[in-house]
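Take a look at this one chain, the form predicted on its own, written out in structure tokens.
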């Protein structure tokens, strides 16, 4: 199944770049695709025209297959005014305490409408499209596959794996507990679906006959082979690429990655209103206890935007949402093309050693 899936994707190597919204760039996507893997671009924060523009930039840099990723969200946003007021007061107080001149604002719109983004993705017609935060409808999947777009759904539990498989998707991306960034959980409370990647691979491989993409804590070629031995068709790496110059991660964020203590990677709600994995830093220590009183995603994500931008500009990584996976200290700061080559060399050597 693995070799057939690679052939269908049109890639030569079992490597997928995780679609890191806010950190992936067309240059990073193209580097992975040109190296024989599948570059993925997270466009969940972008307006429809920006999605079209980003797809065009990727195509200008590579003629190889690539993926676009969206967050599946309702078009309407619930506005809890009391929670919004509480969050704004807490954020403004923190920014004043930390010496940042900016304050929160109430944006005209909390986030782009998913239905508009989906229409733009269909128009962009990437070879592959992946989705997280919820299921697509059967009609949406049919619409994508009618355009010859390979459809990938994200799952954090066996129930979610089965739900995507029942819809007839082409592959399922497994997000293990070790994975950085927003949790894609949609059938459970996030704390109920923190299943280790290796256990999740084995459970999913036994339950469904769908190609599996393994993501969470994989940082080198040996990790890629380990995931494959357990039943994954390909491995998905995100944190491994955050330190690359092509990544859009803030400079302070990149600087902090190699020094990440394994016990300081945690599940965080206070940055965006949705559970996500990253570094416990000054912001998290100050705000996480209040997270239950903050509005849900995407409202909280919009409210923290001024803080995150100002902190990044000031070199304050300790006030930025430093998303990362469990093995962040294994990150390597180098051009993405070089990193792809090293990963694939490590993978080939691990296979040879096993043989």
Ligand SMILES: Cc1cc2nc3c(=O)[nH]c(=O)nc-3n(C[C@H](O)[C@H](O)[C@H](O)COP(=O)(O)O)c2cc1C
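Just so it is clear, the structure is predicted and the values come from calculations on it, not from any experiment. Residue numbers count along the first chain shown, from 1.
The form predicted in complex with the named molecule exists for this protein as well; it is not shown, and the discussion that follows is about that form.
By the criterion of a heavy atom within 4.5 Å, residue 42 is counted among the residues contacting the named molecule in the predicted complex. Though the partner is left out of this view, residue 272 does not reach within 4.5 Å of the named molecule in the predicted complex, counting heavy atoms only. Although the partner is absent here, residue 9 lies well away from the named molecule in the predicted complex, with no heavy atom inside 4.5 Å. Among heavy atoms of residue 340, none comes within 4.5 Å of the named molecule in the predicted complex. Here the chain stands by itself, but in the predicted complex one stretch of 140-148, 177-185, 86-94, 204-212, 177-185, has heavy atoms within 4.5 Å of the named molecule. For the residues 129, 218, 200, 232, the 4.5 Å heavy atom test against the named molecule in the predicted complex is passed only by 218. Of all the residues from 1-33, those having a non-hydrogen atom no more than 4.5 Å from the named molecule in the predicted complex are 18, 19, 20, 21, 23.
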